[in-house]
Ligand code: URA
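This document starts with one chain, in the form predicted alone, laid out as structure tokens.
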């Protein structure tokens, strides 16, 4: 049996170092299953391979390795992730893509899906670093400087620091993280080891400027807490001076919206007064549900939009907590609102029958809706369904995102346009994207199909039968994809 090969890398995220090692492996004809990667800073192989290192003298001179233009950029992103399997994943992709250049276009491929998911997480982390770094002024023997503390999820410091050197080229600064630090002296960018939060300055006059600025631009008429938490996750708040104002500004938003003329901006004097009166204000945040029972309990207290005022109760999702497949509908209907369970009305019966014909047990999937309260228009003794608007979908997306984080489905099947908008983050035409696989912000694969109520509304029997068969096929495809996509 051919002996395994171990590769030791010095840098946690160096594309050039990984590329050199990968070229030597390819030149030696070493298959991916024989390779184990480890970092010099660790004592053990990341995958338990044998002790033999790949020969440093193996040459790839004269060998031309052709890969799609997209691969190097994808590899640079993936290497910045903190997943230990990233080195082996990329080598496996390289081994395959050199023979199948179109491989990266197949988003349902297990390796391609995994790589794109890691890359997207890295890009998002880098974006958050650019948005949430806050410098504090310090005095040193060399004069004035600025220091910022940040806690990234991945190895993104060297990838993102050039952005700050371009934007703040005229001042000396340091960005410190637990694993790595970046320093700009006005001319050159250098890197060093990480540090501890206690080693960085905490609080200066700039913090009040941040608070005044944030308060002055805060427009209660445009307050969308779910969008705020999506773009400014709670985990970053403890390092943001302006976050201390969020609870008070949020609580007063509705009052301010009614009192102020449309489009009026809050008064800067009022903002300064708020900061001056509450210098020691402590950030208060809504407790994030960690389990489905927690989410169900919290959901009943939801008053994030006006739908809670007329509906009987919020309707949580239902199903396996570790389901591979999640089905997302539009909103509860009249029966769901009264019973407090999703998909128990006429559309739910259509869905249940289709699941049975597709060979999928209802208990094995997780069923939920994009909007958790029933929106309707009274007509006599009846309550007529009304489609949720964009604001209501975005507001309730806060809850849906928590469900998707907790359940962590491999595939999400969006039933209808409202569900597609909530899961993908933007509106789409169902018939235009039906059958396509997308990768969402949360990393799962999203498929789109019609809502089962659509099948009930079709007047033509032949068309209804054809659409029903296609709907069952969509369910089967989602289930098959959920089985094949890695956890």
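Keep in mind it's a predicted model, so treat the numbers as computed, not measured. Positions refer to the first chain, counted from 1.
The protein also exists as the form predicted in complex with uracil (URA); that form is not presented, and the subsequent description refers to it.
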query	finding
Segment that reaches uracil (URA) in the model of the complex - one of 375-383, 322-330, 402-410, 128-136, heavy atoms within 4.5 Å	322-330
336, 347 and 369 all contacting uracil (URA) in the model of the complex, non-hydrogen atom within 4.5 Å	yes
Contact residue in the model of the complex, from 421, 38, 451, 34 (heavy atom within 4.5 Å of uracil (URA))	451
Residue 343 within 4.5 Å of uracil (URA) in the model of the complex, heavy atoms	yes
